[in-house]
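Next up: just one chain, as structure tokens, the form predicted on its own.
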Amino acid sequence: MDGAAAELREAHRLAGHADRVWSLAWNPAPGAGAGPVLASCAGDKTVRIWKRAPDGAWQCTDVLEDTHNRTVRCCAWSPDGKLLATASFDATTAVWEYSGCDFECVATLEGHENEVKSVSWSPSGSLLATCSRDKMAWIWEVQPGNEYECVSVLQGHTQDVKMVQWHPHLDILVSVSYDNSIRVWADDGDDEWHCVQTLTEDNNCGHSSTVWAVSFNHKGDRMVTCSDDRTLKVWDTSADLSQPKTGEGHESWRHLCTLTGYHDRTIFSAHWSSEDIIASGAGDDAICLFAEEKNSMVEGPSYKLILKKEKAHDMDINCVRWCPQDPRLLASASDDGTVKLWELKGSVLD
């Protein structure tokens, strides 16, 4: 890395979806010798699988269709990279298995009353979480033979639940909602799931409007959330809330800092890279990148803007995701129907 200023360069534009692209997921374990694999899902009721060819060009290798009959809102790979879960406005979540030549739908999870907004696998791959406009999050246990059993229905949010995300190392689930709150859920040791902390504007310097997304850093001791209030908030999540606590004075997660003034519209997506760079995508069609100020004299951690890519897409940016195999490769998805791949160049972490 030389001393050149950071630059986000558009490397590829992936066209094929016939409607807005909602969500992206990089396969965490594409297999020995395989290049990165990206899944995208859209309002056209399909999921597309993209792979990099040996010559460096990206191509759509599979289209997963004829299973959902409404928008596919979210997609997520299992930790071993063998299964892809897709959540849809048709109130179902489908699980697809890759056999080495094509994808087969091996399970359909039903139970939510209406649109499923998000799906997430636990770090072990033994649990799957979904959330919906019905204000609920469900936890499913993976059983042998592609069976999925609902082991808990998490009630607490008073509005549409926008996203669920597991902690990277612990069986702790985070949900974010239209009710402006962030809820943290854990198992009490007897397979009973409870809300162990709620992060709100009044009590925790939380968001003042809809919380759209959440992402953890790789260590799992920091979390970033983004909102319709046009801010990103960074949280200290080092306390292990998965351990049942008794009495007063138990540990909790806490607000570290708020990043404000960088986006002019709702921030729909935020994602933390393995190099500790936070990417955000918003309704102002821009992508911002942030890194921690290492030599800050301010009390507590602070984050600085590395760059803002204006007009990264022609319309709202719904999702940004860093590639796990190539931490300088960022994918973005937009209402303009495209997926773009960006290469981060120059010196970033001075």
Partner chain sequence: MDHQPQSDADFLEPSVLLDETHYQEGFKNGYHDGLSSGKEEARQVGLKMGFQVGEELGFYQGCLDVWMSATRIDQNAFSTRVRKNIEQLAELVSSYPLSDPENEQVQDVMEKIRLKFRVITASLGARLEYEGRPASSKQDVEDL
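Residue numbers count along the first chain shown, from 1. Computed from a predicted structure; not experimentally measured.
If you look for the form predicted together with its partner chain, you will not find it shown, but the lines that follow are about it.
- Its partner chain is not drawn, but in the predicted bound form it has no heavy atom within 4.5 Å of Phe268.
- Within this chain, Val153 lines the site of its partner chain in the predicted bound form, having a heavy atom no more than 4.5 Å away.
- Residue contact check for Gly111: one or more of its heavy atoms lie within 4.5 Å of its partner chain in the predicted bound form.
- In the predicted bound form, its partner chain lies farther than 4.5 Å from every heavy atom of Thr158.
- In plain terms, the part of the chain that comes close to its partner chain in the predicted bound form, with a heavy atom within 4.5 Å, is 135-143 out of 75-83, 233-241, 135-143, 170-178.
- Screening Asp202, Glu251, Glu149, Asp102 for any heavy atom within 4.5 Å of its partner chain in the predicted bound form leaves a single hit, Glu149.
- Using a 4.5 Å cut-off on any heavy atom, the residues of 167-194 that reach its partner chain in the predicted bound form are, in sequence order, Asp190, Asp191, Glu192.
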